[in-house]
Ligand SMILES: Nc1nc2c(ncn2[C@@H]2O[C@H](COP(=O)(O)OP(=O)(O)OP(=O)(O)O)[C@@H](O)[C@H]2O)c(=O)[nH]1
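Below sits a lone chain in structure tokens, taken as the form predicted alone.
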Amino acid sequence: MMLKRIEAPTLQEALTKVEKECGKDALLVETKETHRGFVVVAQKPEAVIPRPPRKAKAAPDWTPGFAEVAARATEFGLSQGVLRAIEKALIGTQLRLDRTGDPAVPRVASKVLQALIKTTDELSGERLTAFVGPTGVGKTTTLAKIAANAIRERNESVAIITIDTYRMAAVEQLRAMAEMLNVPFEVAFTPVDLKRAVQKHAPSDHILIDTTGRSPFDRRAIEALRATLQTCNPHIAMCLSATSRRLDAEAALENFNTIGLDSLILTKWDETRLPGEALSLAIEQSLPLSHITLGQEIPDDIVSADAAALAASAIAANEQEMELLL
């Protein structure tokens, strides 16, 4: 960045010199009055180096009969890897993929995708569950929704423990939720505290453990979390935001899986236009989905993961077609 210092008896003369020496598009960095007149510090406009045009990614070479389905599913966010697996399965059927217009293709593609999506209802039967994941993905709210539904729908007893002592606001938030649900609440500062709290509430149908959100790249913190949870060996449910960028979500799953993930909860499904990216990652990582969260309301904005409904959402073009697929 080349700066030019120009002095003149008057401001107008200084600006005239700036225009002459630096051009009409010069940037004025500083203008200062002195006992001898005015000083102007100016910068010549930097030359704009044109960027080479981006090379457009080659469109996937889908079979004609699958291309329309693939286009819609790509808009949903499904990865090419998942779509290739679906197409490969369709090629082995009697469907005519060498031409467009076969109305059975979306229906069968949805069935194939449904088979690829692993789901689990183990969380409803688990006595001890810990919720882990990156910061800001909604672990605490998700825990509260699951607790509320266990109480409301199945009349089960619940105890809540938090080891998220890093943020006192989080402790108070969860304490307020526990009071609202009228369930026992414990704060565990150490692994020994956690073990004692679990033993104390052993008669409960469910003990739900909230954990501190951690950066996926803070391996020391994740290892410390693993060591803490190892004292009671809970079911590990990871919360992952459906809004996460693909590379970030991959890193989160890879690093948190050192703890030993048992199931996946996709949060903030309602906050993205590409939920298929997170869904594709769950398929590719063979992680069973237990729940999808759709908002902040407790306990309403959460649903059990339904492979058929998820597949229909990804493949269907309109409501009428979606009804057929379901």
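Owing to the predicted nature of the structure, the values given are computational and were not obtained by experimental measurement. Counting begins at 1, following the sequence as shown.
What comes next is about the form predicted in complex with the named molecule, which does not appear here.
None of P234, G77, P106, P134 but one reaches within 4.5 angstroms of the named molecule in the predicted complex through a heavy atom, and that residue is P134. Comment: the named molecule is not present in this chain, but in the predicted complex one of E271, E277, E284, E68 has a heavy atom within 4.5 Å of it, namely E271. Under a 4.5 angstroms non-hydrogen atom cutoff, the named molecule in the predicted complex lacks S157 among its neighbouring residues.
In the predicted complex, the named molecule sits within 4.5 Å of a heavy atom belonging to D164. In the predicted complex, the named molecule sits beyond 4.5 Å of every heavy atom of T100. Mapping the unseen interface onto this chain, Q173 counts among the residues with a heavy atom inside 4.5 Å of the named molecule in the predicted complex. Heavy atoms within 4.5 Å of the named molecule in the predicted complex are found in exactly one of 116 to 124, 139 to 147, 197 to 205, 217 to 225, that being 139 to 147. In the predicted complex, the named molecule lies within 4.5 angstroms of at least one heavy atom of each of the following residues of 271 to 298: E271, T293, L294, G295, Q296, in sequence order.
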